[in-house]
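Shown below, as structure tokens, is a lone chain in the form predicted on its own; questions about how it binds or moves come after it.
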């Protein structure tokens, strides 16, 4: 029976898993390739729902940049305005958030080895003596080494931050379902009243450079007006999986987070579902070590708990991606007629579309 766990990847998801395992007395070591935990984490946006953060169970307060209570969605000349009286999400500094996760994991008893690049030789050395977890992102060396099914659908993103923009509502983000991005969308997210994040996601199969798509997107009249007189201070690209791997457990090897494809296809957000699946992995691993159950239980557990919502995110993404500008505008017009703005303002859930559908039928 394996007694030790080696987690490859010291991002938020891997660290949440390490903390949960250490809390249950499991000997856990995290191998992080970068010199510091959190290095490069801000390539992706840091919008996380309040409910999702509560479920993750990490003290995120030190990482808060801004709070969001609403969103404005644009398609052609149509727009939907969703506004709550309560904070629905926080914009986090992902680097700080990762460091907090590392501190909590180490406080629980996990070991973190920084600047540790895990290659083929080390993975072979682990052998079957350890339980190996790939938490090393979408281009996972663990998944590749152990020949897991491939992920074929990706989104390429590019985002930049601007100082001193013209922000009309610091507590509201904007989503654009037309113009430059294809098969995804563009966005603006206030980090504060003086910093605005602007970004796009582009389906990899369009074979367009994400920066060129971004350059076109910022000429959008609404976005360009917000950026008028501002100063660009950063620019970062990343890649996001659009589907889950068909298999996430093989023998003594498990995959979690982006490495497993546990990501919302509608927004590209992976921290909430990835972390919840990591906590599920911790349950399965602990049960395997202490009770002798099969590690394959992890596969059944995470798909049972979160598979439906992840599938619904993929369906929604596929639906709006295939509509085009005219179809999206018509959908928005109909949605407004049927009261979508007030319904989503009161009952919307950015993580769990199954709950939104349930609330809709109840209403």
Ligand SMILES: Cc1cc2nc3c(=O)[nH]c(=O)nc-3n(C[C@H](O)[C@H](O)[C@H](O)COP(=O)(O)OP(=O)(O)OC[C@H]3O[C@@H](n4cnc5c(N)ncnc54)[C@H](O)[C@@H]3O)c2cc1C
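Positions refer to the first chain, counted from 1. Just so it is clear, the structure is predicted and the values come from calculations on it, not from any experiment.
Omitted here: the form predicted in complex with this ligand. The next part is about that form.
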Is residue 12 close enough to this ligand in the predicted complex to count, meaning some heavy atom within 4.5 Å? yes
Tell me, yes or no, whether residue 186 is in contact with this ligand in the predicted complex, where a contact means a heavy atom of each within 4.5 Å. no
Can you tell me if residue 8 lies within 4.5 angstroms of this ligand in the predicted complex, counting non-hydrogen atoms only? yes
4.5 Å heavy atom contact, residue 151 and this ligand in the predicted complex: no
Where does this ligand sit in the predicted complex: which of 39 to 47, 330 to 338, 295 to 303, 313 to 321, heavy atoms within 4.5 Å? 39 to 47
Proximity to this ligand in the predicted complex, single hit among 266, 280, 157, 252 (heavy atom within 4.5 Å): 157
With this ligand left out of view, choose which of 132, 196, 271, 89 has a non-hydrogen atom within 4.5 angstroms of it in the predicted complex. 271
Would you say all of 72, 202 and 215 touch this ligand in the predicted complex, counting a heavy atom within 4.5 Å as a touch? no
Can you tell me which bits of 134 to 157 touch this ligand in the predicted complex, meaning any heavy atom within 4.5 Å? 135, 136, 137, 141, 157
